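Below sits a lone chain in structure tokens, taken as the form predicted on its own.
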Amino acid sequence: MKVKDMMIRDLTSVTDMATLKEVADMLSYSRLSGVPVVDDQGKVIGFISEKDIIESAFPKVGMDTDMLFVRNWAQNYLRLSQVGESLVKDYMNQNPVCVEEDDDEKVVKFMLSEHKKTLPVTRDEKLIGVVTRSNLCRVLMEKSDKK
């Protein structure tokens, strides 16, 4: 099985000049966990995820949620509202892992071993879609129904 058999041709993406609030709204609305960051030609130059946005507001906490409860929620709210105007370019992963449409099922192993929920799919470095864990689940269930 190839990536092109698992991917969706979703070109939802942002530029590096988008604000974190714009991305958070987009992620919430579209139920995505992250999106590719592209330049004017559609070349993938980064990736921004929910985790990146949360860590922008709580940089010293990382994903240690115990620390979140120590803070005053009013301070948390203020910090989140300030971070919302920050630009994607300051928080995106600048070395995104992309896969090609003709890559094989090793992508599944990589996504699981590296805890990746979404991978951009490119052709000539330009975004042509994404492959997500939910895509993989759907394809696996379709295959099992055909047996």
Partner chain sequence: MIATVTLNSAVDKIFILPTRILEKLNRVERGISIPGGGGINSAYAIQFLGTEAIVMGFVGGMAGRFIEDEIRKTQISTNFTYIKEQNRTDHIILNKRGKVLAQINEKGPWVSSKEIDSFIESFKRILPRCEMILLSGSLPQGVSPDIYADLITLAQERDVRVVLKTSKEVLQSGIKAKPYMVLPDIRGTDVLMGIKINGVKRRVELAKKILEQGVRIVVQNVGNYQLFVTAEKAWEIKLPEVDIINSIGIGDALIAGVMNILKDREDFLEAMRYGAAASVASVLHVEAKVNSREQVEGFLDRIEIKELDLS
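The model shown is predicted, which means the values in this text are computed figures rather than measured ones. Numbering follows the first chain given and starts at 1.
The following text describes the form predicted in complex with its partner chain, which does not appear among the structures shown.
Listed residues Asp39, Asp90, Asp104, Glu114 were compared with its partner chain in the predicted bound form; Asp39 is the one with a heavy atom within 4.5 Å.
Interface residue remark: Leu11 is counted as part of the site for its partner chain in the predicted bound form, having a heavy atom within 4.5 Å. In the predicted bound form, its partner chain stays beyond 4.5 Å of every heavy atom belonging to Ala24. Its partner chain is not shown here, but in the predicted bound form it comes within 4.5 Å of a heavy atom of Leu127.
At the 4.5 Å threshold, heavy atoms of Ser28 reach its partner chain in the predicted bound form. Heavy atoms within 4.5 Å of its partner chain in the predicted bound form are found in exactly one of 92 to 100, 28 to 36, 105 to 113, 47 to 55, that being 28 to 36.
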